[in-house]
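The data below hold one chain only, encoded as structure tokens and taken in the form predicted alone.
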Amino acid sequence: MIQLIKIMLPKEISKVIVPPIKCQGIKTKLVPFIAKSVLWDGNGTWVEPFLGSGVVAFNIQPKKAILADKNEHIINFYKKIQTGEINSSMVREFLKENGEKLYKEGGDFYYKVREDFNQRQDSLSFLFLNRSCFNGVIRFNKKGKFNVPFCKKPDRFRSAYITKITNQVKVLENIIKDKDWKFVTADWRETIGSARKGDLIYVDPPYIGRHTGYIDVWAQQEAEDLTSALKRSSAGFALSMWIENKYRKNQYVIDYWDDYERKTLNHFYHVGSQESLRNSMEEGLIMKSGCFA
């Protein structure tokens, strides 16, 4: 029998590694909780069907991983860091040059970049838009066009901000280079279907009824199908999911995961148009038997 060992944050890291891509619902503040809650021997493959910003994988740093998302722009950005097609020096130069233009031209320049990105789908332009759009939202219309408005901060890319993003890319260059990681654009069904016994699937799906942040709405049926796929899989899994907030409990958890053990953490999300709308939420980590620390 393989002895389970706890996968922890690397000892040399004094704080959570923050990725250069921003996504709403990013698990930055939950990474220590996730890392301390998971038991896995690390000999299989770490599988993520909803990579998003990548913050969990970049901090757990498994030796082997399949990191997937249906958003091709996120995947392509990280693939290019992996291959060296994008590096921190290029990011600094690009953001400095275009940040100066944004400062001079304001929103007009932002929309020029957005239009150009929707034509050419350049990865550096995607990063620029992600870090200068409203609230860091990643959203595309039904034609696949990025449609998030400008954040109305023409001085967005000050020197310190550019350095911060550049350093985030540099950290990823060092993390990714010696790892057996595959970044793939794929539907979650394909990704979960590829997992085998000994692998660990980390799942952070959208909330039911909410816009996925890309094109579609995450529907009840999708959530039910995901539940069935995880329960059928021979791999271990850890499912991140909100449990309850000030106003209600998550009926999906009650209906489909009530008989599974979970660990919880009270977490405060900085989203909402007014401070009074920004309430705490109980987050949970639901795991297959044998995967709890």
Ligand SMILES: C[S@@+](CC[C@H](N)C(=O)[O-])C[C@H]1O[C@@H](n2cnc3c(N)ncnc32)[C@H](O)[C@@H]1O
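Quick note: we count residues from 1 along the sequence shown, nothing fancier. Just so it is clear, the structure is predicted and the values come from calculations on it, not from any experiment.
Another form exists, predicted together with the named molecule; not displayed. Remarks below refer to it.
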**Item:** Position in contact with the named molecule when the complex is considered in the predicted complex, options 186, 137, 176, 129, heavy atoms within 4.5 Å
**Value:** 186
**Prompt:** Would residue 71 sit within 4.5 Å of the named molecule in the predicted complex, counting heavy atoms only?
**Reply:** yes
**Asked** Would residue 59 count as touching the named molecule in the predicted complex under a 4.5 Å heavy atom rule?
**Response** no
**Message:** Can you tell me whether residue 26 touches the named molecule? I mean in the predicted complex, with a 4.5 angstroms heavy atom cut-off.
**Reply:** yes
**Asked** Heavy atom to heavy atom, is residue 99 within 4.5 Å of the named molecule in the predicted complex?
**Response** no
**Request:** Could you tell me which of 26-34, 258-266, 242-250, 59-67 sits within 4.5 Å of the named molecule in the predicted complex, going by non-hydrogen atoms?
**Result:** 26-34
**Message:** At 4.5 Å by heavy atoms, is each residue in 108, 149 and 154 next to the named molecule in the predicted complex?
**Reply:** no
**Request:** Scan 24-52 and write down, in order along the chain, each residue with a heavy atom lying within 4.5 Å of the named molecule in the predicted complex.
**Result:** 24, 25, 26, 27, 48, 49, 50, 51, 52
